[in-house]
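Take a look at this single chain in structure tokens; it is the form predicted alone.
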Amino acid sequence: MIENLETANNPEKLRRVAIDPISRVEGHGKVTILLDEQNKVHQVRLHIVEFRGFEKFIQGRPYWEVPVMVQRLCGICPVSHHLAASKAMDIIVGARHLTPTAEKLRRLMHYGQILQSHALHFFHLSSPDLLFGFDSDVSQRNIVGVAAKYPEVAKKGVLLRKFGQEIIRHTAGKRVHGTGSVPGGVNKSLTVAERDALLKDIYQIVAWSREAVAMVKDLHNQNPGLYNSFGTFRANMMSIVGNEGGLDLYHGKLRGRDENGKLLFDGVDYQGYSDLIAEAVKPWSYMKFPYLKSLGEKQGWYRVGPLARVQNCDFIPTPLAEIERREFVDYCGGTPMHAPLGYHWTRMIEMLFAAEMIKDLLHDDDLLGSDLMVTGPRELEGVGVIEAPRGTLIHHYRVDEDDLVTMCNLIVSTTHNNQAMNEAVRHVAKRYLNGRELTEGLLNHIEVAVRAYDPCLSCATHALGKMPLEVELLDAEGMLLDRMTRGSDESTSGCRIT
């Protein structure tokens, strides 16, 4: 929608362009762009316009309910919340070291989640842009169009996701919102029949994952000018890394690098994440803006997710994915890649890594074991961190002597990427929209920049702040008589009639 605005501090009339809602992402969000009469971009913002409130209504619930409750944040990445909450509750029940069976079943569940989520995002949500072009016909630029023109690509995407969901079903009890992980361990192991059914297909899944990496790599090589420059800006990066600096999406220590790849911190125990990270709140979004305390709010924001993880680790501990990581590093000339479209390449490398990890785990007889739970000295506070498909996920809880939750703080992957996504849409808007007559294809460039981060917007909406309020007055026939907007611009106080 486009409407005229008159700012309080500037008599110049600006047009407000709203992409509302952003399509092919999980959750609800919008982008607003302010343009002058020459179509010059004055302001671009990504707004998260829904509020979930999980951090508040989780309070007062028994701690053992939390791993099941919090996964209702999302239908796409519930396993990530399920496991992050379980890891926090492990600390509270004194289970700092799980049994081998519990640890490996959780890892299997998690890599099934990584596989299905990465396949969903790449094949269903992003491939229409990449295969047809950002400004191609909107009637073709969707998964139906992909299925019509590239049926084998669409089919493999569906089957990759299906296999990941089968992993989740066998380990968590259900494909969505299961109950397999509990404080101190898991509540079921695999049967021989379940393990054999998954082994039957895993080698094909690895092969298809390799093909997916090759496909996105070819897209980069065919059009390096676009893929290396689209929405590109320099940023810090953060993730957890495993033993000896290897890629580990389930457990590890926090590591951060600056825009040049230099280490900012390493080996940080995530139980003390609050000494490292602070969160700012803006009046125009329900999503917080995390930053590194040591660098301050203006310089301390960072990226998370596949683009950060693949470049933050020293190696990938599976052979095929490690070959692909090295080729990616060589492609970048040994310096960090900052192009948002690089997320697609690294996301497929991670999908291959997840497939290889699943293959190795399915050959481990510990998955069939019966030693599922441990306990130890009770604690009243715990932090669980996991690398969700979209990036680092932090769950932090306190409980009282009656086992009831008294405090919950969640910093989800998309929240970590909040400032980075805002930077991406600003860069894209200024490059592609400045001075041009707007078209649907040009506006889709903005959405492409957001989609590269694979945002889960419903997961990320936790800051109850001063979101903009828009009130419309309609007559009995539904005609607009007046509209009032409050708080949509930090620099403007009071209300504006538009």
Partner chain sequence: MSEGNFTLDGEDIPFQEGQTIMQAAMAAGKYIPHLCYHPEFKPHGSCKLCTVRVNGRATASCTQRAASGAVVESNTHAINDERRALLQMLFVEGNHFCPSCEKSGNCQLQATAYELGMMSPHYDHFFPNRPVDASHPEYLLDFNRCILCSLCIRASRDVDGKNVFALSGRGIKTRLIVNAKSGRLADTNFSEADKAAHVCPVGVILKKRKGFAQPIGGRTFDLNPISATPHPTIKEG
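Positions refer to the first chain, counted from 1. All values derive from a computational prediction rather than experimental measurement.
Here the subject shifts to the form predicted together with the partner chain, a form of this protein not shown in this document.
- Among 105, 172, 307, 386, the residue placing a heavy atom within 4.5 Å of the partner chain in the predicted complex is 172.
- A heavy atom within 4.5 Å of the partner chain in the predicted complex is found for one listed residue only; from 202, 131, 159, 404, this is 404.
- Not one of 315, 323 and 331 is positioned with any heavy atom within 4.5 Å of the partner chain in the predicted complex.
- At a distance threshold of 4.5 angstroms between non-hydrogen atoms, residue 61 is in contact with the partner chain in the predicted complex.
- Taking the partner from the other structure, the partner chain in the predicted complex has a heavy atom within 4.5 Å of a heavy atom of residue 72.
- The shortest heavy atom separation between residue 55 and the partner chain in the predicted complex exceeds 4.5 Å.
- Contact annotation: residue 65 falls within 4.5 Å of the partner chain in the predicted complex, judged by heavy atom distances.
- Listed stretches are 345-353, 184-192, 266-274, 388-396; the contact stretch with the partner chain in the predicted complex is 184-192, by a heavy atom cutoff of 4.5 Å.
- Taking the partner chain as positioned in the predicted complex, the only residue of 371-398 that brings a heavy atom within 4.5 Å of it is 373.
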